[in-house]
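Single chain ahead, written as structure tokens, the form predicted on its own.
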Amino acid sequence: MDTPRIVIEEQRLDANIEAMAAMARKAGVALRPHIKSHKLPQIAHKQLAAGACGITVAKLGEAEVMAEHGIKDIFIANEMMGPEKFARLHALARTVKLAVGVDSLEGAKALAESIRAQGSRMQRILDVLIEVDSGLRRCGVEPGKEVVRLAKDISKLQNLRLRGIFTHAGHSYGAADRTELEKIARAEGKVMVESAYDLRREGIEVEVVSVGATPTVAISAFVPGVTEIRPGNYVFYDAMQLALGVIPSIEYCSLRVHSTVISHPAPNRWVLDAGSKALSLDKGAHGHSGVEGHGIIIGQPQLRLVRLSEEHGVAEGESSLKVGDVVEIVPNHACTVVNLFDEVEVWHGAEREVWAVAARGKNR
């Protein structure tokens, strides 16, 4: 097989999917996995078959691809803006059960007005969820009073229905250790449940209290009052998840990048054909995730992938590798790696399938 290439072990993939579904059942919460991690309809259908209530996407283009492949319940965990996106959004809303994120009155008004402008072509109400900032400092309103204020404003708008609130504790990827990670996870759940309480105290119905992030869900899912989780990376796991202690061993990682040694120019240096266009340069949130180098080379404990250029990966250390040998690499961040490839190879024992990465590059 030519390299570099992505290889997925289907039995491990299936085990990861079932384990997360079982955890959600144990916690009594809905599972709405984020497909930006894999961008593959085949995996999304596996997740639904295991008990997921629907899926989460980051981009409208991802939602369109998943809808084309028969998925009918989709949450776009992002804010939409612009006439082109609104037109596509309304077309999609006519075919699937859809919800989108909002975090400002301006955004909510624009969305409501776009629905009103559809006239008789768009006689429907669109579900929205308010994004709450639980510590990532990206999108989202501050918990508590700001959530209540925006919810009251949305309730005055026609064509929108507030389904609930959601957050993403992405700052958990920058946790210094397991203790800090657990603290972030508990705070994520607490912030959301308290915000839902504030809304209900004002007479505002809250159907969904949704938390995300693979590193935190094993804790935040069990915070009483949380109703939904949206992990994504768990289908693959990667070097970041291992460094954070989310998984106990590298055997949980179902995705590997296979790469060939193309040069051995110095005694302690090997050059691979997988560079930043196959492994990405991602090293974690805020530049810290506990990872070393740019991936883990399986079976080579004394070798570190220290440098990437676009088409080359440079490994240094001690090894008996020779030019022409093929290595397996667990990447730092599997989600960004999948988006770099047109297809993945899926192996079940000795049987091989090739799946096109259908939602690759859907950045709009």
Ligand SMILES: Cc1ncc(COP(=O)(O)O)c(C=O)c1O
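These figures come from a predicted structure and were not determined experimentally. So that there is no doubt, residue numbering starts at 1 and follows the sequence shown.
From this point on, the text means the form predicted in complex with this ligand, which you will not see here.
Exercise: V102 in contact with this ligand in the predicted complex, heavy atom 4.5 Å: Outside the cut-off, so no.
W270, heavy atom within 4.5 angstroms of this ligand in the predicted complex: No, W270 stays farther than 4.5 Å from this ligand in the predicted complex.
Partner contact for G189 in the predicted complex: this ligand, 4.5 angstroms, heavy atom: No, no contact at 4.5 Å.
A77: touches this ligand in the predicted complex, heavy atom cutoff 4.5 angstroms: Yes, A77 sits close enough to this ligand in the predicted complex that at least one of its heavy atoms falls within 4.5 Å.
Contact test, all of K36, H168 and G232, partner this ligand in the predicted complex, heavy atom 4.5 Å: Result yes, every residue of the spot touches this ligand.
Candidate stretches 247-255, 88-96, 190-198, 206-214, one within 4.5 Å of this ligand in the predicted complex by heavy atom: Selected stretch: 206-214.
Partner-contacting position among R161, K277, R138, K145 - heavy atom within 4.5 Å of this ligand in the predicted complex: So the residue touching this ligand in the predicted complex, by this definition, is R138.
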